[in-house]
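Below, in structure tokens: the form predicted alone, a single chain.
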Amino acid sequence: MAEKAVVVVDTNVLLNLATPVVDGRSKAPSGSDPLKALLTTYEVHVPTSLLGELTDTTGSDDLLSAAADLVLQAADQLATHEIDAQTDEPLDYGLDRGESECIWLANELAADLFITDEFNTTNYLFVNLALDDRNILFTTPHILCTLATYEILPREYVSAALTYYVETKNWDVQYVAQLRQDQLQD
């Protein structure tokens, strides 16, 4: 059996992957579970503090809270790491503590992939700089397309999910269109 690639993800990635699963509206794609696909395909590592961020997000009647509940239900599939003692200060790139801890963890584990949803901000550039000059940075739309390429998720589901995220999360239309063209076309 082949080893699973080691992946470090930030909180928003897990929440974004869980959201269509808990969204009962007609615009939400159905028939697959992108969070489960990620957790069963890769060895997913996170800082322990991520679980606290998820817990802080629960307790409301909104989609974000429901997504956080779903991720917490699957938390036994996450490899957690205590990072507090390793990073006294967030990276000096304008990134928050959670992002800094994820980057530190990705570098420490020599992770195969680091997935973040900071692609609509300049933080994406800073995250890339902080990853020890390794080309391991992915976004949620990119990993969804990768899961479709390897037939872990149906292409039709991923295409519908990308449309859903553009409409509900304001993901960059041009970026998603380019990914769709490069990765989902036969």
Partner chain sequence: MAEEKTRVDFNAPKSLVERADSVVEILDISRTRLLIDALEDELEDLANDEEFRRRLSDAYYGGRVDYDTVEAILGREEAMRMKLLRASIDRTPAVPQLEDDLPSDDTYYDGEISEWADSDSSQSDDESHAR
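Positions refer to the first chain, counted from 1. Since we're looking at a predicted model, the values are computed, not measured.
Missing here is the form predicted together with the partner chain; even so, the following discussion is about that form.
Within 4.5 Å of any heavy atom of the partner chain in the predicted complex lies no heavy atom of T48. The partner chain is not drawn, but in the predicted complex it has no heavy atom within 4.5 Å of A160. Proximity of G59 to the partner chain in the predicted complex: non-hydrogen atoms within 4.5 Å are present.
In the predicted complex, the partner chain sits within 4.5 Å of a heavy atom of L113. In the predicted complex, D33, L35, K36, A37, L39, T40, T41, Y42 are the residues of 29-46 with at least one heavy atom within 4.5 Å of the partner chain, listed from first to last.
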